[in-house]
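In structure tokens, the next block holds one chain alone, the form predicted on its own.
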Amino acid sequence: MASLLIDIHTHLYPPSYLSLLKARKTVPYVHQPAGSSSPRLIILPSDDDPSIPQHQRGRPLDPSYSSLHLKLQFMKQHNIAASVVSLANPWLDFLPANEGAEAARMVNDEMVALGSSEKFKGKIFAFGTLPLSAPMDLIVQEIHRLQGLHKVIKGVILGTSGLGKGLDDEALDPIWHALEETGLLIFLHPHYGLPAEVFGPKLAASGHVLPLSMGFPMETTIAFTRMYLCGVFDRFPKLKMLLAHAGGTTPFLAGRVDSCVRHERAFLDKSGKLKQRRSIWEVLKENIWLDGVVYSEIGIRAAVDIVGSDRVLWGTDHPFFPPIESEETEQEWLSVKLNIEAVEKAQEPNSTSAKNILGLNAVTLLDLELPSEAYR
């Protein structure tokens, strides 16, 4: 029997969200190049470089970004039983404070309506979006509202900028408290990657390769480490967080972080002993899950080694990374194939750990109610 496939890293821009982007002229926005019928999605500052021809800026905004019917077609094509969809960056962080809460309710309600419809019920779930530009009481209010929509909403997606100062900003504590209290999973996803200047003057020549392959994973690594160092997981020990892209470089650098903490006076008491706090290893084992969007068996092995095979979950990152060799819609996506092969090479095909990563871990963690035929 083939493994149950549950996609926990897959994005959707519902119509209400696209309307917000189409009304804008600065990043993020939807750009319509002159003489072209294909709009372009501009979500990275580097995409807005005037030296890049208009028809090459950003990425083509084809219907797969917003159509749940095409999402279902993609799922059927790759034998995916269920997907947990979420907005991709930049979520709603760019909105003025007086617009964020209403926009979040609109987008979240649209996600719930889609996941509750007869055609998508049991196949489509979602991570909600928070109005992080809104007043704190409205952000917390939306978190508690999302808890009541648990049939479809299985957590929240969060970027690394938080309220603008990063996730180690203590002003976020009411949000962490509400998320811990409700038990909602946080899906931590990179926001914009690293600053463009990090990649040098030839950035445009390599397209999105440097920001997506290096910038996004490092951004996630830094954001999680900042949270750990400032004691978020000590103050909120029951917080649950899923790190995108297997936590970036966290599996490889956790030991280095631990060693640096043990050799840094700021974390030692007057006698030179480590102040009372959980180690990064304990936090990773108790608070963190990693997705398997790493495209290699080495990355999957590292993720399993650091959090355990019961805390790694499979995903596709659809609709990003589509096939480019052909315009055939029925073509198998290399990005999907690589992520499945990575799990099966790292854990052996049909092994218990492989089946857990590919689907069963998501069912358990998110309490997914699937139709009985999904298990056949």
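From 1 onward, residues are counted along the sequence shown. What you see is a predicted model, and the numbers here were worked out from it, not measured in a lab.
In what follows, reference is made to the form predicted together with ligand URA, a form of this protein that is not presented.
Distance criterion of 4.5 Å from any heavy atom to ligand URA in the predicted complex singles out Leu44 from the list Val336, Leu68, Leu44, Val307. Think of it this way: in the predicted complex, ligand URA has a heavy atom of just one of Phe120, Phe216, Trp176, Phe233 within 4.5 Å, and the residue is Phe216.
Only one segment in the set 31 to 39, 345 to 353, 312 to 320, 48 to 56 has residues whose heavy atoms sit within 4.5 Å of ligand URA in the predicted complex; it is 312 to 320. For Asn89, a non-hydrogen atom is located within 4.5 Å of ligand URA in the predicted complex, even though that partner is not displayed. Within this chain, Cys260 is remote from the site of ligand URA in the predicted complex, having no heavy atom within 4.5 Å. Taking the partner from elsewhere, Leu212 is found to have a heavy atom lying within 4.5 Å of ligand URA in the predicted complex.
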